[in-house]
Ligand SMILES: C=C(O[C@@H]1C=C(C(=O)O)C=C[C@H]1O)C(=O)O
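First, one chain by itself in structure tokens, the form predicted alone.
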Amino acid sequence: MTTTFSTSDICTAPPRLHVSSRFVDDVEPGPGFPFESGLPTSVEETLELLPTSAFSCWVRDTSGLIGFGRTLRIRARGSDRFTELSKAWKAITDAASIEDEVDLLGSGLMCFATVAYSGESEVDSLIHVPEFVLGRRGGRVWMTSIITEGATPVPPVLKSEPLRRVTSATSSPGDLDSSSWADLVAKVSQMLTPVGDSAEVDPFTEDSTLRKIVLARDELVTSDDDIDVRSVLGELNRSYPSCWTFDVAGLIGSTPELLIGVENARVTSRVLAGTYRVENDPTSEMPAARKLLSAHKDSTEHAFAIASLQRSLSSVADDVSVDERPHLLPLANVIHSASDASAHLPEDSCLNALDIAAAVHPTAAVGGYPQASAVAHVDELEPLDRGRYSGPVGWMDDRGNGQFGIALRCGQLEDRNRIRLFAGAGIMPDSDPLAEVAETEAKFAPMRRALGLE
């Protein structure tokens, strides 16, 4: 049974957790073995073993973490949501007793987390501590149990149940239909000041002149039957194996953008800005994408994203390095302009992955540029509450390691048969409203296809 706490409750009297991580890929089936029919050998088999609800996951291709049940749930809202969640997590880890025979990234005490994009949101930011975690990395499989003091762990016996593909879904406009959203794009683009063709973006100098604003739109998808989350996740993982597929607190999606990764004080990040919509085949369309994404609008947009990351990451980490030139990241339906970054945390740093995510959120890719001015305008101009869309989503452990992606290409379950999808686009002074609508349509496509709409 899930116990929900406020962050102040946790910090005042943190529960004592007992944690045990052990490999299960070298254990003979028998009492306590979690798989009724033996260790699964594919993503499809693993998905069929999951419950149809009440689980969390963070998976990339065949590696990742899946959590069952909830030992704790911690919630926060407002401008201090990152700080409050981080303090609560540190209080929990300090009080925990941990036996970790696995010692791989994600073993031991860990949690899943999803944070609202804006401090103005009416949606909770959450940490979920699962009761059991199934992990797979480097070809090894392990199980972690996380229980409160005095409780007895009862490992789940995972029985196979066929996936149920969504077949009766229909969609309807969200807060704005595409025409009204295009009108908003036109209005916003006229508010922005262009950057000259020869101008450079200085990551450490920002003025209040608005250069870019990211606008989001939503649509509602309903189904006659319950949505089988396992099937949706399977479709996303199969179609986008290089992306991070997630389900945390009903926020379901597959993001190509790693906001922050921390492993033993090494920090990594991937910046995306600029989108080419694939018509037929991403491989054959790479030359056309390269031409489009090197044009002034998209190259300037990407420069804003890099500058935003350099500035924010440098406030908490050393030796920040960003690719000198962006590379193209081809996905099934779009091609992005991408840059990878790395840094190191100082030796005396007590920051965890969520703290680093807080320092760099929101990037220019989801808020705009310059950051403070753009974000204030987003809150004012957008008619919708983004909730956790475009906020950090991922996991972290007791050692400060973790991965947080930007919650993109995703939807928030509102009921067992209803999910709200989100997509956004970076608006620049020379943005074409119809082209921006087309970009959001391309970004809706992964979730629409996974829900049987395309």
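We number the residues from 1 along the sequence you see. All values reported here derive from a predicted model rather than from experimental measurement.
One more form of this protein should be noted, the form predicted together with this ligand, which is absent from this view; the next part is about it.
- Shown here without its ligand, the chain is overlaid with this ligand as it sits in the predicted bound form; no ligand atom lies within 2.4 Å of a backbone or C-beta atom, and the site is open.
- Remark: Thr144 does not count among the residues lining this ligand in the predicted bound form, judged by a heavy atom distance of 4.5 Å or less.
- Using a 4.5 angstroms limit between non-hydrogen atoms, Thr300 is distant from this ligand in the predicted bound form.
- Proximity of Arg230 to this ligand in the predicted bound form: non-hydrogen atoms within 4.5 Å are absent; the residue sits far from the partner.
- Although the partner is absent here, Glu257 lies within 4.5 Å of this ligand in the predicted bound form, judged by heavy atoms.
- The three residues Cys57, Ser107 and Arg136 each lack any heavy atom within 4.5 Å of this ligand in the predicted bound form.
- Note that among 318-326, 219-227, 157-165, 267-275, the stretch whose heavy atoms approach this ligand to within 4.5 Å in the predicted bound form is 267-275.
- Note on the partner interface in the predicted bound form: the residue among Leu408, Ile66, Met396, Ile419 having a heavy atom within 4.5 angstroms of this ligand is Leu408.
- Out of the listed residues Ala289, Ile252, Cys243, Val214, Val214 is the one that sits within 4.5 Å of this ligand in the predicted bound form by at least one heavy atom.
- Within 4.5 angstroms of this ligand in the predicted bound form, the stretch 85-111 places no non-hydrogen atom at all.
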